[in-house]
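Encoded as structure tokens, the following chain is the form predicted alone, with no partner shown.
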């Protein structure tokens, strides 16, 4: 198969999403892009993870046209396509309905940066985009979900390379990275950060955000020019 390697990468990332407990039934998907050929691989719609095979993975182009595959691609395909088209350094995208991430999305709240685990990965609160406007809901919904994400980042002046995750109000999380594997990694980090922030606010509703000096220290020691930290 012309896209065997790309399908395998997508398949393995989807299995990892399931193995990490970030999805139930068919509630989630991962895609992997091939920039040189202008296509991406994505999980087929409605296929249980336990039954998923590498050959089931669907290849589509950035215009949402099926290039290879006999199954219907994920219903979120148009969202992935929009992000790949507009954010050129993304190599993979993941979407889940993981419990704590979704809880913050349903509360329509950013996840505040409260601890060093969060700061090891980004220096901002995890943004929660406003619920989709009615006219977008009634239009090309999945395509417009991508617009909802990029508009949120533009409005807040955020860089998708530095903030590889977002919540959609009343919906759930999308994450991305330079590969499908990294997108899944960010999904797991997001869910843990969401859980930690939730528990911290249960213990102390007035718990403050992490102070700026600690945010910078933890982010720079892992991602800065003289980074030295890794686990």
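The shown structure was predicted, so the numbers you read here are calculated from the model rather than taken from an experiment. Positions refer to the first chain, counted from 1.
Omitted from view is the form predicted together with another copy of the chain, to which the following refers.
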Can you tell me whether residue 133 touches another copy of the chain? I mean in the model of the complex, with a 4.5 angstroms heavy atom cut-off. yes
Taking 4.5 angstroms as the cut-off for heavy atoms, does residue 84 touch another copy of the chain in the model of the complex? no
Do residue 202 and another copy of the chain come within 4.5 Å of each other in the model of the complex, heavy atoms counted? yes
Can residue 115 be called a contact residue for another copy of the chain in the model of the complex at 4.5 Å between heavy atoms? yes
Looking at 60 to 68, 31 to 39, 187 to 195, 159 to 167, which one sits within 4.5 Å of another copy of the chain in the model of the complex if you count heavy atoms only? 187 to 195
Residue by residue through 141 to 156, tell me which have a non-hydrogen atom within 4.5 angstroms of another copy of the chain in the model of the complex. 141, 142
